[in-house]
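Only one chain is given next, in structure tokens, and it is the form predicted alone.
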Amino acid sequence: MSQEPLLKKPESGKWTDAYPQLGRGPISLDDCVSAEFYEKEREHIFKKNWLYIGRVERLPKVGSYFTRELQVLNTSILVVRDGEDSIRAFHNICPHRGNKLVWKDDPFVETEGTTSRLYCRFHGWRYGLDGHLIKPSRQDLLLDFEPGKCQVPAIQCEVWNGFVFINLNSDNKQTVSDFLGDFAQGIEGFPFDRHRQTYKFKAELQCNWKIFMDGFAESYHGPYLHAGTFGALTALAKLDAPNQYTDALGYELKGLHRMFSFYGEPSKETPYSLPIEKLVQAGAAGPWNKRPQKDPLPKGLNPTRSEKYGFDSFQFFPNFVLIFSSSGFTTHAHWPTGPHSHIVEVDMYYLPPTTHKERIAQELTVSFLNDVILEDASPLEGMQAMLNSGAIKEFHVNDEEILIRHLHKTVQDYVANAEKEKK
């Protein structure tokens, strides 16, 4: 490519040498084991930072809403598009007696829909889409009641490029854009709103949220764990030598956030292509004959300017992953449900298919990616069990696992600094 690379490997040949503050020796994973540390994460990280909770496409018109049950925050979140066409977020609670305000058959199951006002099914109190009280039932029974002070409790909410974020920290003064930083600026201009064909994957695993994020922070495991799914890549390189297909193109760290750029699986027929791949001209990396790119890629994508570029994975602190590929983009959100359990949500966004063949090709790619996610998840519950055993206290990460080193150091330092400020 003609453009100058934005990201280059250090002259030493080791990515770790670009970030000496991370160290080079063994690391502790006790932040994935300790129940006490988990409670500190909830307090200092999840309740004080911007968290991604959905796309604006879920709120297509005035009165559209959805709820989120977020155990790590110990609350239910209600997100609505109000009469001013703004996106708002609230604690999903009625100020009358604390009933969950919006729900359907089961108050612990997330729901969505459209409404003209917020209505409490318990006693019939009504609120506007901006959270103000419209009318309580039987106001003649209320004593010393000030309607103006009765509001559904709001949560700070902002939208960045169609991504809806919330922040429970009432003292927060930082915008989402500033929080996401340089990485977000580098991907401004990507046509997120065009990618409206969505596929979803959700699972609860008995492992700490960071363990799963680690699995998507390196491709070192590719030729081993994914040998069946990516046969071409595995066969084209020796397992115990530098692997031009599974060693990352580049790693970059910026403050709390991290990213890596990765090679693409050959987007063409290989001796390992399955009959269905040949039929629809697509595989795990997406369609072989891609639609022409209408606009140039944002400057932050493919930062090494490699001709063999496949995708970029941005991990935004604490739990949001945004992946770009030739097919579109994918989001991952990791929601802790306990020190040793979490829910992973994967949403894949593609351009709407224009032919039956394109739709089948997308379905095939999604099927491959679901298999990859299941393969990535397969060792993690056993890993958590062995971490819990305490048999080993320190672990050895290599240069291709630098993002893992960064995540655990960032989380541990963040909690330690917050605890010091409390004293």
Partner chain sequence: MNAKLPDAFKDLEYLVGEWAIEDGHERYLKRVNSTMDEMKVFYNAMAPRGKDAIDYLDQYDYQQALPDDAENLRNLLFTLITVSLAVELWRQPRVKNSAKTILTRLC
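Positions refer to the first chain, counted from 1. Keep in mind that what you see is a predicted model, and the values were worked out from it rather than measured.
Just so you know, the form predicted in complex with the partner chain exists too; it's not on screen, but the next bit is about it.
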Inset, instruction - Report the residue, out of K173, R138, K149, K200, that has at least one non-hydrogen atom within 4.5 angstroms of the partner chain in the model of the complex. - result: K200
Inset, instruction - Name the residue from A154, L297, L142, L279 that puts a heavy atom within 4.5 Å of the partner chain in the model of the complex. - result: L279
Inset, instruction - Flag P379 as yes or no: does it have a non-hydrogen atom within 4.5 angstroms of any non-hydrogen atom of the partner chain in the model of the complex? - result: yes
Inset, instruction - Evaluate K357 for contact with the partner chain in the model of the complex, applying a 4.5 angstroms cut-off between non-hydrogen atoms, and reply yes or no. - result: yes
Inset, instruction - Spell out, yes or no, whether the shortest heavy atom distance between V366 and the partner chain in the model of the complex is within 4.5 Å. - result: yes
Legend entry - Interface membership of S28, the partner chain in the model of the complex, 4.5 Å heavy atom rule: no
Inset, instruction - Pick the stretch from 369 to 377, 392 to 400, 28 to 36, 59 to 67 whose residues have a heavy atom within 4.5 Å of the partner chain in the model of the complex. - result: 369 to 377
Legend entry - Output flag, P5, P20 and G310 jointly within 4.5 Å of the partner chain in the model of the complex, heavy atom basis: no
